[in-house]
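Form predicted on its own, single chain, as structure tokens, below.
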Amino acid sequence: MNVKILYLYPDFMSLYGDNGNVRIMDRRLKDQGFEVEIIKRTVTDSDIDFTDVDFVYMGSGFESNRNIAAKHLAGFKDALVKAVDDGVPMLFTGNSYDILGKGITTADGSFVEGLGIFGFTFKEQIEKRYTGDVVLEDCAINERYVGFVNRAGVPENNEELLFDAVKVIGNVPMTKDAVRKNRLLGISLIGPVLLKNPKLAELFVNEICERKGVKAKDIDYPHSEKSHAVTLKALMEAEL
């Protein structure tokens, strides 16, 4: 059985090794017995088809690249929103999830329209970047996620943000993070998030299997699980 991964803007939005998330999904889905096809689309493409894909990923990048990608992706807003409504699993990491809201006020004061899937807006500043290690908790399933944040701004409102920031090491003014609609998740963590957080990767695999009408196999990934446990313990015990 074939599974299609749609990788958005891999040349523009993969600043922190975010392509590792696609490789992890590729590996895990092949372990489930699927044949995996990775479809890459970027700003030079005149068409992005969301109707026949099983997982969508977009990573983080320079703010200027994110703005270019946001303007290009706006041309396919209706198709993307329909895919969200249809329950296609999607992951937007780092500052790519900024574009899921109403828009972004950039550091120079201009405004970049977002996709409007959520009601938040982002506002950037130029004095300093917000960086640090973060532990986020999804209270709905009692799961904690670890990772690094590197941002030029923060949401101007957080009513829709779902995860609690239970530990922040750095100057990130974060108490909440992440948005979710159906099987779409936007989260500020950067890098190969799915490597450090195997339960999150497992969640997406299970969702893909469910949509395909097959039962997911129970497969252990001990190195990834150990990495998460060691990192979580170190961050929670670190002195501020």
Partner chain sequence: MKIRVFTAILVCKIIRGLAKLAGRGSSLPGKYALKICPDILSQLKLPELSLAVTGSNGKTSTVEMIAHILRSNGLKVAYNKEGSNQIEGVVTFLISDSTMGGKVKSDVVLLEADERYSRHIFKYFHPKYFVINNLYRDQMTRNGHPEFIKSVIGQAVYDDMTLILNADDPLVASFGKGREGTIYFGADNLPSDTKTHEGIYDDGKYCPVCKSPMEYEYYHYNHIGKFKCTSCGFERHAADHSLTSTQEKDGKASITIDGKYEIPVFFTGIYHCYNILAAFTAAVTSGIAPEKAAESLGGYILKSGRISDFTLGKLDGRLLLSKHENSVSYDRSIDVVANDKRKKSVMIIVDAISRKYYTSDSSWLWDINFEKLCGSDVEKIILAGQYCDDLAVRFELAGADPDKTVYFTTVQEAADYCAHNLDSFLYVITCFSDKEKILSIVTRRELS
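Numbering follows the first chain given and starts at 1. All of these numbers come straight from a predicted model, not from anything done at the bench.
FYI, the form predicted together with its partner chain isn't displayed, but the following is about it.
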| property | result |
| --- | --- |
| Location of its partner chain contact in the predicted complex, chosen stretch of 209-217, 50-58, 178-186, 35-43 [non-hydrogen atom, 4.5 Å] | 35-43 |
| In the predicted complex, Leu203 touching its partner chain (heavy atom, 4.5 Å) | no |
| Any non-hydrogen atom of Ile169 within 4.5 angstroms of its partner chain in the predicted complex | yes |
| 4.5 Å heavy atom contact, Phe148 to its partner chain in the predicted complex | yes |
| is_contact(Asp108, its partner chain) in the predicted complex, heavy atom dist at most 4.5 Å | no |
| Triplet Leu115, Phe118 and Thr121 all within 4.5 Å of its partner chain in the predicted complex via a heavy atom | no |
| In the predicted complex, residues of 3-19 near its partner chain [heavy atom within 4.5 Å] | Asp11, Phe12, Ser14, Leu15, Tyr16, Gly17, Asn19 |
